[in-house]
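Below you'll find only one chain, the form predicted alone, shown as structure tokens.
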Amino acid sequence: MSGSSSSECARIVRVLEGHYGHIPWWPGDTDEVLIGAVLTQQTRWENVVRALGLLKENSLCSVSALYDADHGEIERAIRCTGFYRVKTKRLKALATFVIEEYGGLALMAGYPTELLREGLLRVSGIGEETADSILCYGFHRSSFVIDAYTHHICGCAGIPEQKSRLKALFEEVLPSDPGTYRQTHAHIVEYAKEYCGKKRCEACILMNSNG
């Protein structure tokens, strides 16, 4: 990694931490995080919250329940998230992986991060962002989440690294603490929504501050 990219990445982390401090982010249990990580693909978070509520109402908001449920039950509950048939297949694939590969979430939690990540990436519909979200928020591991918000902010800051190289860059400058990983990602998402999504470039504290 280039020294300039590392220092700029560290500056982003520092400025956003100073701007937001501690913010609550994805407080659900491990089952809910795994399910939410799939549901949030290509939809708004408000739709995910609604779907999670419907899954809970129908006693389906757990990996074991999804494993036993039929496709129709799941589809009806998550329809509001869009692509509900595709997401149902992905949820079933993820539940099957957890139950048949590890025997459940409790046993899965005992495995090392890299092994879990390799396994998750073999599950149909689970890409790097979803896998890292599951690891970081569901299992509290030091696996940084790289999403479109992160790419956008880093691109504006002149950081050329992308995907796995950008992930490695953040993991290089952050302390190996899962809580810091979660907070930094939360800061990036909130900032992108507050500034980038509203095209408030002239007010951007990242571009108008030396940190």
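Model, not experiment: these values are computed from the prediction. All residue numbers are counted from 1 along the displayed sequence.
Not on display, but discussed next: the form predicted in complex with the DNA.
A.B. asks: Can you pick out, from Ser143, Thr30, Gln183, Thr40, the residue that has a heavy atom within 4.5 Å of the DNA in the predicted complex?
C.D. replies: Looking at the other structure, the residue within range turns out to be Thr40.
A.B. asks: Name the stretch: of 43-51, 64-72, 153-161, 166-174, exactly one has residues whose heavy atoms fall within 4.5 Å of the DNA in the predicted complex.
C.D. replies: Of the options given, it is 43-51.
A.B. asks: Could you tell me if Tyr102 has a non-hydrogen atom within 4.5 Å of the DNA in the predicted complex?
C.D. replies: Tyr102: no, not in contact with the DNA in the predicted complex.
A.B. asks: Taking the shortest heavy atom distance, is Arg14 within 4.5 Å of the DNA in the predicted complex?
C.D. replies: Although the DNA is absent here, Arg14 would stay clear of it in the predicted complex, with no heavy atoms inside 4.5 Å.
A.B. asks: With a cut-off of 4.5 Å between heavy atoms, is Leu116 one of the residues that contacts the DNA in the predicted complex?
C.D. replies: Looking in the predicted complex, residue contacts with the DNA do not include Leu116, since no heavy atom lies within 4.5 Å.
A.B. asks: Is there a heavy atom of Lys193 lying 4.5 Å or less from a heavy atom of the DNA in the predicted complex?
C.D. replies: Looking in the predicted complex, residue contacts with the DNA include Lys193, since a heavy atom lies within 4.5 Å.
A.B. asks: Taking only heavy atoms into account, state which residues of 138-154 are within 4.5 Å of the DNA in the predicted complex, ordered by sequence.
C.D. replies: In sequence order, Asp147, Ala148, Tyr149 come within 4.5 Å of the partner.
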